[in-house]
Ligand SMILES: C[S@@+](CC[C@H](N)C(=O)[O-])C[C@H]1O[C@@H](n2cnc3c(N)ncnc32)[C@H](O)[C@@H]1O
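Just the one chain here, the form predicted on its own, laid out as structure tokens.
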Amino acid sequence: MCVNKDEQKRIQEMSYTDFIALLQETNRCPGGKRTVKRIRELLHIAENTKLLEVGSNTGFTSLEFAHISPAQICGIDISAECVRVANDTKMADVQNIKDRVSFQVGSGYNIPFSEESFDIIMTGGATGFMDDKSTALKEYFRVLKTWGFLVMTPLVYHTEPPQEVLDSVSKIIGTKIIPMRASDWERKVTEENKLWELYHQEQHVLTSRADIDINTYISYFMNKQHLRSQSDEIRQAIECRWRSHINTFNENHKYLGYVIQIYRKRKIEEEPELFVTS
């Protein structure tokens, strides 16, 4: 059998988001369904609620919000391949979901919507992977309605990770990871604009997984029909890259957690409060 070196090279060199699209991985926000369920509990979402997800990836979070709420939802992502997979997943869903959810290519640095278009902006962990967080936060503020909510669930570090772990993760995702805690994110957002009010916050710890769990997880992907149909050489290239990524992420999870932060876009700056619960 002739080995397709060009195709193997393409797999090795494609961006992380395009590789995820190739796998057709359900790329969940930190905390997955539990996070989406919690946000639904915390915020009032009605039929006329317009929600924008920035960094929608392959569509999980937007679609899950649609499954448990009546909101009108739009997801944007910089990866055309991720948007394609998200739309394919949506089209396999029921008509009600097809009618209320849309996906399109777009950047958090230049959101393709006019001022005050959305009641809620959900960014999951996407903002943490952006080099220019200030520009993204300005865009979130611009397209969010006054008294609307910005929901962020960034990954945060509860323990200082080794630099080699940070370097390895940075290389995979194509963005330099700067370890941040929940307080760092609050300071970053509220110092960017004094009209961002931290409305709710809760923190969660993640854990690493055993080798047997990782092997089972990777086997699941490699048994997907669209990957089983590939040549042995291409499958090997895909599995090798995926296993390397997962092992790196697993090491990173020894130091990692995530925080649910909900900010409200105020009209006027709020006066400080002195006597609050601890």
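Quick note: we count residues from 1 along the sequence shown, nothing fancier. Because the structure is predicted, anything quoted here is derived from the model rather than measured. For clarity, a rigid core is taken as the largest C-alpha set superposing within 1.5 Å between two forms.
Keep in mind that the form predicted together with the named molecule is missing from the display, and what follows is about it.
Does the named molecule, in the model of the complex, lie within 4.5 angstroms of each residue among 119, 141 and 148, using heavy atoms as the measure? None of them does, since no heavy atom lies within 4.5 Å of the partner.
With the named molecule left out of view, choose which of 243, 67, 28, 235 has a non-hydrogen atom within 4.5 angstroms of it in the model of the complex. When the named molecule is considered in the model of the complex, the option within 4.5 Å is 28.
Among 199, 113, 109, 157, which has any heavy atom within 4.5 Å of the named molecule in the model of the complex? Checking each option against the named molecule in the model of the complex, the one that comes within 4.5 Å is 109.
is_contact(residue 82, the named molecule) in the model of the complex, heavy atom dist at most 4.5 Å: Close contact exists here: in the model of the complex, residue 82 approaches the named molecule to within 4.5 Å, heavy atoms only.
How about residue 180: is it within 4.5 Å of the named molecule in the model of the complex, going by heavy atoms? Heavy-atom contact with the named molecule at 4.5 Å: absent for residue 180.
Distance check, residue 130 to the named molecule in the model of the complex, heavy atom within 4.5 Å: The answer is yes: residue 130 has a heavy atom within 4.5 Å of the named molecule.
Hey, in the model of the complex, is residue 126 touching the named molecule, heavy atoms inside 4.5 Å? Residue 126: yes, in contact with the named molecule in the model of the complex.
Which single stretch, out of 186-194, 157-165, 200-208, 72-80, brings residue heavy atoms within 4.5 Å of the named molecule in the model of the complex? Only one stretch qualifies here: 72-80.
Contact set, 40-59 vs the named molecule in the model of the complex - heavy atom within 4.5 angstroms: Contacts from 40-59: 53, 54, 55, 56, 57.
Would you say whether residue 20 is displaced between the shown form and the other one, judging by a C-alpha shift of 2 Å or more on the superposed rigid core? It does shift by 2 Å or more.
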